[in-house]
Every structure is written in C-alpha cells, then in structure tokens.
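Presented as structure tokens, the chain that follows is alone, the form predicted alone.
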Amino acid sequence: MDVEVFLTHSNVTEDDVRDRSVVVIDVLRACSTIATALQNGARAVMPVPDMAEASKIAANLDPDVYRLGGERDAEKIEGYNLGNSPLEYSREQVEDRDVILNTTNGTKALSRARTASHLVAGCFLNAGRVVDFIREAGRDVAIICAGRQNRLSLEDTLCAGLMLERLWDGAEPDAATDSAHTAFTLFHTDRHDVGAALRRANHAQNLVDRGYSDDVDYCFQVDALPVLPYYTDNRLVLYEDLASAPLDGDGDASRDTA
C-alpha cells in the first residue's frame, strides 16, 4: 500500500487523490467538529469552501432542518447559527439536522479531495477508526493535512504521524515518501509526551488565547469518538449508517462526487 502525505492542502490536485483512499485531517477544528456533530445525531455535514456556497445551499433549505456553522480567523461568522467549536455541536443543536460547514482550512481541504475513491474526515478523536478503514479499503492512501493559512500545522502533522505509526505497526517502510517520513518521524520524536508537543502548536496557543482552551483539550483526545465521517453525495455521513455496504469485495464504493 502506497501512502502519501500532504502537509498542507494548498497544492493538492485531482491527480493526487484519484483512485486513492483519502483522509483529510483538521484537528483544530473542522474534522473534530464534523465527527462530533455526526456522533451527536446530525444527519449529515456538508463541507463548503466559502460563504457564497454556504449561503446558496442554505437558501434552498427549510431553516428548521439545518444549522449553518463556520468560522473566519477562529471566530463564528456573523449570522451563522454555530461557529467551529465542536463543543457547540451538541445533540440539542444538531440532532436530525443537516450542518452546512464553512471553515478557513478544513472544508477547503475536503473540497479539494472530493474526487477520491474514498474520502473520510480524520482527527485525533477518531484516529483508530480511520486506520481501520484504510486497512479495510485496501487502496493506496493520501493523507491531507489541512494546515493553517497554507502552512504546516503541528497538530495535523502529528495526527498524520500517529495514523502512520499504527498503519505501519511502528516500523517505517523503506519506500516512504519524504512527507510521510516527516510526519512519522515527528510523531516518533514526541510520542512519549504528545500532549505537551500539541500544546506548543501555534494554532493551539492562538485558540487558548482567544478563550477556546476547552476546545483544545477536547480535540487532543485520542480515540474518544469511534466514528467515521464518510463523504458521499456532497456530504459527510456516518459510514456505518450508509444504506448499502460502502465497500464491495474489491474495496470499491459507489458514491456521487459530482
């Protein structure tokens, strides 16, 4: 199984994700928010790249059946129901509703990867579940770190490294790419105190300074939510809730990426 890692989403192309199982990682906070919303009963999360697309979708829905969520510069967008704090996406807020989500980095990364054979949202909260799915799908893999403002983010890279550590059973293969080696090595260096390393991350410190320390603590929990947000029909849903078996005997799924 070939594994490629992209340390930011900014240069990802359709060729990079074609015929691969793709994991988009945005630890702080989009993918953590997506996993939490689905865990708390949201019917689906629709990731959109910008406010214009979010408004277009919302205009065609009954206000009672959706929540509009998102952020710019870490703060809730004016007029939205919710921001990008996973703790806002309680069962009371999202159960039996669709979530339209628009964030600075994470939803843009998901939009770039939408033509993948399989596309899932990953974070520390569901790292183990993601690795299980990668093995189950049996395809070459692309792990896309959303990054922050087109730059590497420590938390996303460490999360990619954790997934590689598990996928490779702790032993880096000889043929690992430079970026996969970087993520794996970084995690190995900090594995005995990953929490301390994560709290040094620039984005984590920025969120703490803005009063979101509870978000940081929540998002850095490993394997707390064994859920798999799976992209199909332009939305993320719980993999387990899909009406038909997503993977056939060849590791293929039928899904609309138009």
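Start at 1 and count along the sequence shown; that's the residue number. None of the values given here were measured: they were computed from a predicted structure.
Absent from the display: the form predicted in complex with a small molecule. The rest refers to it.
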property	result
The small molecule in the predicted bound form: contacting segment from 224 to 232, 28 to 36, 186 to 194, 50 to 58, heavy atom within 4.5 Å	28 to 36
All of 4, 21 and 134 within 4.5 Å of the small molecule in the predicted bound form, heavy atom check	no
In the predicted bound form, the one of 164, 141, 74, 119 near the small molecule [non-hydrogen atom within 4.5 angstroms]	74
Residue 104: touches the small molecule in the predicted bound form, heavy atom cutoff 4.5 angstroms	yes
Residue 126 within 4.5 Å of the small molecule in the predicted bound form, heavy atoms	no
Residue 67, heavy atom within 4.5 angstroms of the small molecule in the predicted bound form	no
4.5 angstroms heavy atom contact with the small molecule in the predicted bound form for residue 44	no
